[in-house]
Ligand SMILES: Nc1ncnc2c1ncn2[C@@H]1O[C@H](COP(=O)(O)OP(=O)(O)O)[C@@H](O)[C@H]1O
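A single chain, nothing else alongside it, follows as structure tokens in the form predicted on its own.
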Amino acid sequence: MPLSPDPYAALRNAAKYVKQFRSKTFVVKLGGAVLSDPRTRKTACEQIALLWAFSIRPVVVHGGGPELDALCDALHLPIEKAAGRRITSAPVLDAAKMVLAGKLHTDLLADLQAAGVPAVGLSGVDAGLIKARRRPPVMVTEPGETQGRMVDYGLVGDIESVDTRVVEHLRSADYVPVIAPLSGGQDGAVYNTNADTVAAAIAAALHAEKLFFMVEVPGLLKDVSDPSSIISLATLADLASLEAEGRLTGGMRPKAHAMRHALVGGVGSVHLVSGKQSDALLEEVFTNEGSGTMVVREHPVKHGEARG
């Protein structure tokens, strides 16, 4: 009779990653497309719960684009974007507050609590966590175009500083911070701020080991129309090449800028993983092969060495 496979092989393999990442900070950014489906949101929360159970220290940042689009549509507010970023009028900012620090935020906290995570909700306005100034009009060139145009993004905040004291205070008591992407100005103004940018800034300020973007697609793709064309490992130089070739479109453009900011700011690695595929986050963390794309400053990985 042939010997049966070792039923504990996967556990032994995962154990080395558990040991490697114990007490390390992981920032997990959940995209709006993941959060808008209750099933995928629940699955993401269960994976975050497992990280927390293994003594990895997660901090969650969330977006809410589809939910905000739906509310704007219901309120008959125009949905305007340029270079993958939202143009925010005063009424759109009010809608963003309702979604990002309201319904979506609360539903995410409830799912994390149900998964066993002691989650506490914040926005960038809380305790001066994220200070920003209003973005001035900027020149924007859309993919495929040769001539740029001036765009006023409205009540959008460019991050000036991150004060992590409230986050560290919560983490010292073993709570998991969940951060909505609103920021505050020195004069009391509130700004809408891209969630990818917020996640990168938080990750850099916390000296995170890893930053994860949970998105609709499996990872960074050579061909956006082919989900199987995934790039498993990329560098900052690779990102620059993909952007120059016009392969980064829509929301992937601000993600690329956020990845650069995080890596230059000292984050160990940035990962793009599917929020739609069951256990993709766990596979990316606890296996050598991973499930999505790992982005690093430059190639440190030799053939046959672990990606983690």
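Just so it is clear, the model here is predicted, and its values are computed rather than measured. The numbering used is simple: start at 1 and walk along the sequence shown.
There is another form of this protein, the form predicted in complex with this ligand, and it is not shown here; the text below is about that form.
A.B. asks: Pop this ligand in from its pose in the model of the complex with a site C-alpha superposition and tell me open or blocked, counting ligand atoms that come within 2.4 Å of any backbone or C-beta atom (3 or more means blocked).
C.D. replies: Here the site is open.
A.B. asks: Using a 4.5 Å heavy atom cut-off, which residue among 117, 217, 125, 234 comes into contact with this ligand in the model of the complex?
C.D. replies: Exactly one listed residue reaches within 4.5 Å, namely 217.
A.B. asks: Which of 56, 263, 49, 248 has a heavy atom within 4.5 Å of this ligand in the model of the complex?
C.D. replies: Among 56, 263, 49, 248, a heavy atom within 4.5 Å of this ligand in the model of the complex occurs only for 248.
A.B. asks: This ligand in the model of the complex: within 4.5 Å of a heavy atom of each of 29, 221 and 255?
C.D. replies: Looking in the model of the complex, the three residues 29, 221 and 255 all sit within 4.5 Å of this ligand (heavy atoms).
A.B. asks: Please check if residue 45 has a heavy atom lying within 4.5 Å of any heavy atom of this ligand in the model of the complex.
C.D. replies: Result no; residue 45 lies far from this ligand in the model of the complex.
A.B. asks: Heavy atoms within 4.5 Å of this ligand in the model of the complex: does residue 282 have any?
C.D. replies: Residue 282: no contact with this ligand in the model of the complex.
A.B. asks: Tell me which stretch of 105 to 113, 169 to 177, 221 to 229, 203 to 211 has a heavy atom within 4.5 angstroms of this ligand in the model of the complex.
C.D. replies: The contacting stretch here is 221 to 229.
A.B. asks: Any residue of 122 to 137 with a heavy atom within 4.5 Å of this ligand in the model of the complex counts; write them all down in order.
C.D. replies: Going through 122 to 137 in order - heavy atoms within 4.5 Å of this ligand in the model of the complex - there are no hits.
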